[in-house]
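A single chain comes next, written as structure tokens; it is the form predicted on its own.
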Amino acid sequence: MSTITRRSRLHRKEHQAALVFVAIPVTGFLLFTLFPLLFSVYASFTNWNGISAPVFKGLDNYTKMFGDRYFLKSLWNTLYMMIGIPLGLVISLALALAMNRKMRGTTFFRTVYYLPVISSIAAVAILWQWAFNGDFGLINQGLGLLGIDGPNWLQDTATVKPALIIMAVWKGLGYSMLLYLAALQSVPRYLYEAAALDGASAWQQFRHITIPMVRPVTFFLIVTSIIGGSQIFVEINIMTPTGGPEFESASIVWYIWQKAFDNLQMGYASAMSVVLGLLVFTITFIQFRLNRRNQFSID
């Protein structure tokens, strides 16, 4: 009987300890995720400056939003800069194919390509701001050696978005390359051997074996890149702190931040945040549905 009692007490203590450990992340989720999310949805229907009490305004913020040309412009800029996602995936896959070969120095190059990923985004943005400087930037100096008069990258409406895309692709290459490299190394060798025996060319092997086998990684990178790309802010705020020439580089998150903390239009900023969240959720949901149709397995 005493043994059962000791076990019961021990079980009770373990159960209490487990509840304490579970309560910590649950409390953090409730305080720092769920409550701010619900309050943001509520605030999107109010006129609120972050200081005084919110005043309910119904759908005024939403109707104002779709008549706001700066909101539409920043949303378009954000979508435009996502052109860098497929470019980055193609380049990183090519680099992963190169790094997957048996040759000297692959470990060194893998490290070099991954360094931008672990570097501070603020430091990277400052570095590229200097590189894109129209007067003494490294890029224009290199173009000058070729006899080309480089543009003022970050002050020209035609080049500011491509400049930001170049920087974003460069920073994310190492991460995508590493995932692709892991996927390539997990592809069974017998698939390539069987294809070679059947007379398949290198291109046919790449198209019908490599691409399908790395599709889960591609899907993951597309989803996470779209979510991350929709939240681009630090690079914009450092490299083009006023939204660029003619508002050409302003992202949707940068515009939300400007309205919330510069203009103290918290309610309006919350409405834009809700719309952005719904857009990202819808795009991600569609991607999951499309990916489900393309799933396959190897027996």
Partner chain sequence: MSAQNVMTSPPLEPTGIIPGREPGAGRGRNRRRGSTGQRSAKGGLRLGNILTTLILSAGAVIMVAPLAWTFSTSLKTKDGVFELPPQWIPDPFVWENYARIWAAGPLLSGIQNSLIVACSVTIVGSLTSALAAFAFAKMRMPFKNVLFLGLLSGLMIPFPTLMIPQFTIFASIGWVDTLLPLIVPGLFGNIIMIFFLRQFLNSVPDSIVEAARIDGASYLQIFWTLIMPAIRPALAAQFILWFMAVWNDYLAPIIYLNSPATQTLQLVIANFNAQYAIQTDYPLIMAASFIALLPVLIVFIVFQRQIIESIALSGSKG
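Keep in mind the model is a prediction, meaning the values are calculated, not measured. Residue numbers count along the first chain shown, from 1. So that the term is clear: the rigid core is the largest set of C-alpha atoms that superpose within 1.5 Å between two forms.
Heads up, the form predicted in complex with the partner chain isn't pictured, but that's what we're talking about next.
Residue contact with the partner chain in the predicted complex: residue 159 places no heavy atom within 4.5 Å of it. The closest heavy atom approach of residue 170 to the partner chain in the predicted complex falls within 4.5 Å. Taking the partner from the other structure, the partner chain in the predicted complex has no heavy atom within 4.5 Å of any heavy atom of residue 80.
Under a 4.5 angstroms non-hydrogen atom cutoff, the partner chain in the predicted complex lacks residue 163 among its neighbouring residues. Site annotation in the predicted complex: the residue of 217, 75, 154, 89 reaching within 4.5 Å of the partner chain with a heavy atom is 217. Of the stretches 67-75, 197-205, 146-154, 81-89, only 197-205 has residues with a heavy atom within 4.5 Å of the partner chain in the predicted complex. If you take 251-270 and check each residue for a heavy atom within 4.5 Å of the partner chain in the predicted complex, you get 253, 256, 257, 260, 261, 266, 269, 270, in sequence order. Once the rigid core is used as the reference frame, the Cα position of residue 23 differs between the shown form and the other one by less than 2 Å.
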